[in-house]
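Before any questions on binding or motion, here is one chain by itself as structure tokens, the form predicted alone.
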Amino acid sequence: MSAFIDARTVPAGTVLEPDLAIFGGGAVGIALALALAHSPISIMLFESGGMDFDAATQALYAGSQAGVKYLPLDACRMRYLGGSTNHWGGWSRPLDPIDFEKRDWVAHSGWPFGIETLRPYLPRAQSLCELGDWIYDEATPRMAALAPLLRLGEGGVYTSWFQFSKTRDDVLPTHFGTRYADDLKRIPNLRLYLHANATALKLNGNASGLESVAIATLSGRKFTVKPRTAVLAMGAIENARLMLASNVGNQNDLVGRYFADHPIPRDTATLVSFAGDIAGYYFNAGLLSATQIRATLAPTDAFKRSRKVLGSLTTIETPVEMDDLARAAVVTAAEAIGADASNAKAFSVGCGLELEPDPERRFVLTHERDALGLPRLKLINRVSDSDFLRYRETMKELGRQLLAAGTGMIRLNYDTRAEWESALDWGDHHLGTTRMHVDPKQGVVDADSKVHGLSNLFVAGSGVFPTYSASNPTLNLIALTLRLAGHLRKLPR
């Protein structure tokens, strides 16, 4: 079993020449290394951090922001082996077929391929995330047999399901750095360097490919990597920062643009159940065949098309106490449709939203430098009014279906943009800064995740997502990484 290498011990001026260099030791970098284990390819994986959290390394993420308030950039990602799986919640759900489609009501939408291209890689991604059996929407009849589903009339919203990462010894969720450290050490064709920061990309003489990558440690050690092929797997923000700082892949001014996350406004509505209690699997993860799952309310693909809305995943959160006026209004509404609301209970509703792609929601370089000398980033964050209004349409449909079934009703809590923004949280899901498109004037990487115009530089992770879905990205970005691994196996060495 090989040991990991501390980059701070590598002699200054060393030149390393692997077949493949992977920059970033989060879920993507680890999944890619595992997928290429025991291949003839000599691999080096470079991780900025060590095995544990370090404040000085974490501070490299710091940046500024303008526009709609976002999370501090040095707080929404973890910079040590395992990356952001060191603090993820384990929520997982596959992308929907419509997420890959070009939609005439969604600007800049469409992937270069459909879900059928990604589907073969999802089972292995499911296994790496330790999500249990592939259940998702197949859980509906089995969970309904345990406790009644929230009954809905025919329409555009249905009960869908999340699954949750679960590692051994009931530790939730899977931390990739801890879980797969020994597996990485057993890979004979892999050398993993810790405390190694990529600080510059250098192209060859005719700018047709990557020649070298500069590496630096916070202790001051510097050396060079000259790979045959390289993959940037440092996350959507850091991939873009390195490319912008190196002026690589940005010939069409697209790097750093189209950034997205999933807005998670809290208490968007109050849901009233006329019958009272709702099945516990709407509130907390329940077990099905030893798999952790939780119900969510989602628009169907047909509803998205017919009503021109985007994805959303609505969750039922905590009980809400109704005052006498609210209770009287609920009873009156129930009587009007012949329902009994004498035992009615109310619950707060939250959600995760899909944003429409926006080239002006972006990262730009600033004049401030980090401890390694790289320019820090500034986020210009925007959310359009239509992103909120489209979700209201979905919630109105949910309310109509509840009334149609005699089950309950919905009160929408926010009307104004200020109200939406006051309740806004974020999913810590970084997407879109190096988007995929077959046309180099519309994307940074091609359908194989290769940077347009360069023969040997690839970008992996959710930064290549052209559109974002409302589903949490980890399961899907790992499937996309496994697809990339298959492509890399075929490259000449």
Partner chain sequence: MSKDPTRFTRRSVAIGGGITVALGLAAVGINAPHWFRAKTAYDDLLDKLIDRDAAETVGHAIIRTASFDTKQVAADLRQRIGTRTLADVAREDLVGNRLIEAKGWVLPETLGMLCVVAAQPA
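Note that the coordinates shown come from a computational prediction; the quantities given were computed from them, not determined experimentally. Positions refer to the first chain, counted from 1.
Below, we turn to the form predicted together with its partner chain, even though it does not appear here.
Distance criterion of 4.5 Å from any heavy atom to its partner chain in the model of the complex singles out Ala329 from the list Cys76, Ala329, Ala245, Leu372. When you look in the model of the complex, the only residue of Ala302, Leu146, Ala290, Ile337 with a non-hydrogen atom within 4.5 Å of its partner chain is Ile337.
Relative to its partner chain in the model of the complex, residues Leu325, Ala333 and Arg392 are all within 4.5 Å by at least one heavy atom. Of the stretches 108-116, 395-403, 309-317, 248-256, only 395-403 has residues with a heavy atom within 4.5 Å of its partner chain in the model of the complex. Proximity of Thr270 to its partner chain in the model of the complex: non-hydrogen atoms within 4.5 Å are present. Contact annotation: Leu71 falls outside 4.5 Å of its partner chain in the model of the complex, judged by heavy atom distances.
Taking the partner from the other structure, its partner chain in the model of the complex has no heavy atom within 4.5 Å of any heavy atom of Ala285.
Interface membership of Lys378, defined by any non-hydrogen atom within 4.5 Å of its partner chain in the model of the complex, is ruled out.
In this stretch, 352-383, not one residue has a heavy atom within 4.5 Å of its partner chain in the model of the complex; the partner itself is omitted from this view.
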